[in-house]
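Single chain ahead, by itself, as structure tokens, in the form predicted alone.
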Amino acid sequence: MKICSRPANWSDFDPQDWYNDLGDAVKVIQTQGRILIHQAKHFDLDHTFSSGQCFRWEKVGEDQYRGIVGKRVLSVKKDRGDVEIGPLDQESYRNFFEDYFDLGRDYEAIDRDLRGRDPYLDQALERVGGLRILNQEPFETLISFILSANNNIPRIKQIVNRISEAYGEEILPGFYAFPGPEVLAGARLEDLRALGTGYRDRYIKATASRVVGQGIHLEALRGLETDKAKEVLLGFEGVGSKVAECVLLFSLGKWDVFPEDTWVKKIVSGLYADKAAPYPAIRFFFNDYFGEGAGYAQQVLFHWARNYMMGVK
């Protein structure tokens, strides 16, 4: 792996000095405390950050987002095909953020493999191209999707931010990291409910308490078969199949899931009623239908239907 520093004069820059990971798919340099991905392929900021998979990214300008990831406040901006991420050094990029943004995966190859299998997915890929699946921290993702039950995305974001402000570490003035399980395990139910969690207050506290009390390392679930990892997640109070599969897809790298929320149920009943059996058989159908990219296909269809395919009722 090689990341080059930005030269004083771009005319002196040798293109062969680019760090190449996937052929020509990822070309990265460090420039003034930031990481620049030159002509980033398959990285649409709107479709990635506004697709319902994450709750701490906010649009702050044209093709620009600001987010809190762990104990960092990051800006991501796209300009003429280049994506700039910062403040960020090359070591942090290599050790964490390359995986967080899933930049080691060739999405163009996945799209090519998926196209032609299904007319609806073809339409969705055309409309929401560039969507990436983020690899987020599992505990924060688990709590966030516990909050998603009977909730909408703007409200989930508000509650996650309130929890972070009440219990998390202040990273920069006005920006707070999401608290760890030890902190939330000690929270009082009435205090959590006052933040807008509603009936989910006990699920949050019980989940955090179980992680701490039983020494559960959620990150270790990456190494389990999907069904085994899902079984562990279903053991948490307030976690059903949809929440568990969202955690598997958005933080544990399990692409062989097909989270079924209200919108996905609309998609299935409206577009695939003649093909797909009711849940839980739906997951196995779509894994056969879309192959290894089933989880990604689900997110593309979800984002497309929710924002653009108004014919889905």
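The structure presented is a predicted model; accordingly, all values stated were derived computationally and were not measured. In case it trips you up, residue 1 is the first one in the sequence shown, and so on.
Below: the form predicted in complex with the DNA, not depicted.
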**Report entry** Segment that reaches the DNA in the model of the complex - one of 211 to 219, 102 to 110, 122 to 130, 146 to 154, heavy atoms within 4.5 Å
**Finding:** 146 to 154
**Report entry** Joint contact, T141, G223 and G291 to the DNA in the model of the complex, by non-hydrogen atom at 4.5 Å
**Finding:** no
Query raised in the report: Do F302 and the DNA come within 4.5 Å of each other in the model of the complex, heavy atoms counted?
Result: yes
Requested in this report: May I ask you to state whether R200 is within 4.5 Å of the DNA in the model of the complex, using heavy atom distances?
Outcome: yes
Query raised in the report: How about Y65: is it within 4.5 Å of the DNA in the model of the complex, going by heavy atoms?
Result: no
Query - Contact flag, W263 vs the DNA in the model of the complex, heavy atom cut 4.5 Å - result: yes
Requested in this report: Could you list which residues of 224 to 240 come within 4.5 Å of the DNA in the model of the complex, counting heavy atoms only?
Outcome: F236, E237, G238, V239, G240
